[in-house]
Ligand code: HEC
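To begin, one chain is listed below as structure tokens, in the form predicted on its own.
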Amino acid sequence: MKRLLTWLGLALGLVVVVLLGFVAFLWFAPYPSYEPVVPAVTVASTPERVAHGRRLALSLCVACHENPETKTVSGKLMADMPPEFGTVYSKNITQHETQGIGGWTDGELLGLLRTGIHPRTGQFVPPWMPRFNRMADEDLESIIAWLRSDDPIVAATNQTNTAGSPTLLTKFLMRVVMSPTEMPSQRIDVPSTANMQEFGRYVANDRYSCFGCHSADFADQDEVRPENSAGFYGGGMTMPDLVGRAVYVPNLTAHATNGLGKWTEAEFVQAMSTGINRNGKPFRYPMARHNMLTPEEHAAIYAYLRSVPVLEGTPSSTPEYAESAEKGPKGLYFKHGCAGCHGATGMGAASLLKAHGKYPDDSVLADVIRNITRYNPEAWMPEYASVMSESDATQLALHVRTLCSKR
């Protein structure tokens, strides 16, 4: 018996040493590397492609890469990244020859977007950078055409890329759970709108990857076959807003009480276009109104979501901010969800300094708050006119001035 215990102790000690060695390897090793895939392709630029690519990029790329200081896609701190992933900075994807992607070929860009492998270093990109392995070639080529365009937001910007601080979980996911995706063996076409359900499946899964946030767990998703992802469109995850509050991701299946079962197509299209739910409440950051999608795309997504397996999920009600109970402009600022995107100080993902300086007249600024589309049709901010009084907007305008005066 004594000898058996000795051997068991040695075996246990060996297991501990191996585990510690593996953890040390994950911690100190760089991101895994693979052989880059660089297809021989040259993207022809047309005005139609650039316009289409810009529309896609405003929903897929700009929110993460746009720097509020440079007003270009030169990269920034991802303040809303779940802490489990560590400190994250997006990359400079402007046309700068060395700091950005100005020196890259079209094939290098396409290879990175398809596989997730950096074409110059071979490193596997972290999990927060999507891999568009199922997106139609025309869509990807349009994004590349836009990146090469004269749009001011992609103009060469000499901003150095900042290295992040990934957690052990991130490194584990990249070494053990995730792997690069393969280049498609043939061109992928956008499905015809004659079949709205199939077109909606493409828009939701392959173009915008809505399931990525609206499934059960970031770590248990299938990038190749999204339908195999745990809790597919059942929601349930929590994501932080810019004041650290946990926002519940809603169930998008047709469940009668916890999902979209009682929503009409018109209600869904209206909510997605305006950022205001059927209950009159604004979307909570990091969700934004997807006004860059067409009503047809929204209707197609709705048709597709009605077809996915219904999951009970969990009720997705996010508690109100405690500050919402306060009287006066500050309470309204939290009540209407402004803090979720702009932060408690107004210097969040979208800096209020821009509005403060651009609209010095209080009545105009109040109108901007209620009718953002009138002033900036591409803004992600909800269209508040139907749910916010002119009085509330006036008080919010004063609060914006107060926040900005403290800078």
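When you see a residue number, it is the position in the sequence shown, counting from 1. Computed from a predicted model, the values in this text were never measured in an experiment.
Beyond the structure shown, there is the form predicted in complex with the ligand, which is absent from this document and is the topic of what follows.
task = Please pick, from 201, 91, 114, 171, the one residue with any non-hydrogen atom lying within 4.5 angstroms of the ligand in the model of the complex.
result = Only one option qualifies, and that one is 91.
- Considering 180, 226, 231, 250, which brings a non-hydrogen atom within 4.5 Å of the ligand in the model of the complex? The option sitting close enough to the partner is 250.
- Message: Counting heavy atoms only and using a 4.5 Å cut-off, do 41, 145 and 299 all touch the ligand in the model of the complex?
- Response: No, none of 41, 145 and 299 comes within 4.5 Å of the ligand in the model of the complex.
Residue 161 versus the ligand, in the model of the complex: is there a non-hydrogen atom within 4.5 Å?
Close contact exists here: in the model of the complex, residue 161 approaches the ligand to within 4.5 Å, heavy atoms only.
- [ ] Would you check, heavy atoms only and a 4.5 Å threshold, whether residue 65 touches the ligand in the model of the complex?
- [x] Yes, residue 65 sits close enough to the ligand in the model of the complex that at least one of its heavy atoms falls within 4.5 Å.
May I ask you to state whether residue 156 is within 4.5 Å of the ligand in the model of the complex, using heavy atom distances? Heavy-atom contact with the ligand at 4.5 Å: absent for residue 156.
*Do residue 85 and the ligand come within 4.5 Å of each other in the model of the complex, heavy atoms counted?*
Because no heavy atom of residue 85 falls inside 4.5 Å of the ligand in the model of the complex, the answer is no.
Tell me which stretch of 180 to 188, 277 to 285, 306 to 314, 193 to 201 has a heavy atom within 4.5 angstroms of the ligand in the model of the complex. Looking at the partner contacts, the answer comes out as 277 to 285.
For the stretch 383 to 400, I need every residue with any heavy atom inside 4.5 Å of the ligand in the model of the complex, listed N to C. Stretch hits, in order: 384, 388, 396, 400.
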